[in-house]
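Next up: just one chain, as C-alpha cells, the form predicted on its own.
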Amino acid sequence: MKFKSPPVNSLSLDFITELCISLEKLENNRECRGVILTSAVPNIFSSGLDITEMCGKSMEHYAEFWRAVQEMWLRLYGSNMVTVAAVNGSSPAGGCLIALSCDYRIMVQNPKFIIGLNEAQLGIVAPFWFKDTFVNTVGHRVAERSLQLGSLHSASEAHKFGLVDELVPEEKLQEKAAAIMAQWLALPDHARQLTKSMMRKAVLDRLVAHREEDIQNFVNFISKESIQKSLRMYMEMLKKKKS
C-alpha cells in the first residue's frame, strides 16, 4: 500500500478514512495475509496529522477527526495481517505512529530523514495510546525523554534505540521489505496472530474502554485558544519555510 497525497502525505480526515477502508478490505480478504506500507511521495513517509483539521474548525469536526485517528490506529495496531512499514522518507508525529503500529519497521539510511513523536514542539500532547505504543517499542526512559522534548531522530538514532528495526539503502528497501514479509508469513498465521493479540491486547483494550473520554479530552484541549494560537503560529512558520 503506497501513500500518495502530495505534497507530504499529511493525515487529513479524507486520507485517514480512505486508509481505514483499504485496511478493512485487506483484512476481510482471506488471500491477503500481509501488507507493506510505504510512500509514493519522494522523501516523505507521512508528515503526520493534518494541522488544518485541528485549527479553526468546530468541536464536532474535531471529534469526528479524532475518532478517525483512533480508528486508524486500532485497525493497524490490532491487525491480523503481518504489517511492515517501509519508511522511505521523514516520518514525524502521526507518520511515526503509523510506523510504530506495524510489526516491523525498515527505514532508508539517509541523514536527511527523521522520525519521532514531536507533538510537544507544536504545543500539543501525544495521547496515552501514542505513548503506550512508543513505550512498548523503545522502553520507558527513551520514550519519556523523546516525548517531553518532542524529539525527531535521525535514521541512525532511531535504529540505535529500536524505533526502527533495520536500515537499508533506498534501492534495497522494497527487496528487504518483501524478504521480511516472507520470513513472517512462513509461520502459521494462527500462532502469530494469537501471539500478537496477547502482546498488544492490553494497549488496544485501554483505548476501546476510554474512547469517548479520549475524544472529549482531545476536543477540550485542541479548542483552547492558547492551543489554537500555537497551531496558527506553527502553520505560519511552515508557510514562511515554503516561501
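Here the structure is a predicted model, which means the values were calculated and not measured. The first residue of the sequence shown is number 1, and the count goes up from there.
The same protein also has a form predicted in complex with a small molecule, omitted here; what follows describes it.
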**OP:** Report whether the minimum heavy atom distance between residue 173 and the small molecule in the predicted complex is within 4.5 Å.
**Re:** no
Subject >> residue 78, heavy atom within 4.5 angstroms of the small molecule in the predicted complex >> reply: no
Original post:
Do residue 168 and the small molecule come within 4.5 Å of each other in the predicted complex, heavy atoms counted?
Top reply: no
Subject >> Non-hydrogen atom contact residue 181 with the small molecule in the predicted complex at 4.5 angstroms >> reply: no
Original post:
Taking 44, 54 and 94 together, does each of them reach the small molecule in the predicted complex with some heavy atom inside 4.5 Å?
Top reply: yes
Subject >> Stretch in contact in the predicted complex with the small molecule, which is absent here, among 137-145, 118-126, 101-109, 154-162 (heavy atoms within 4.5 Å) >> reply: 118-126
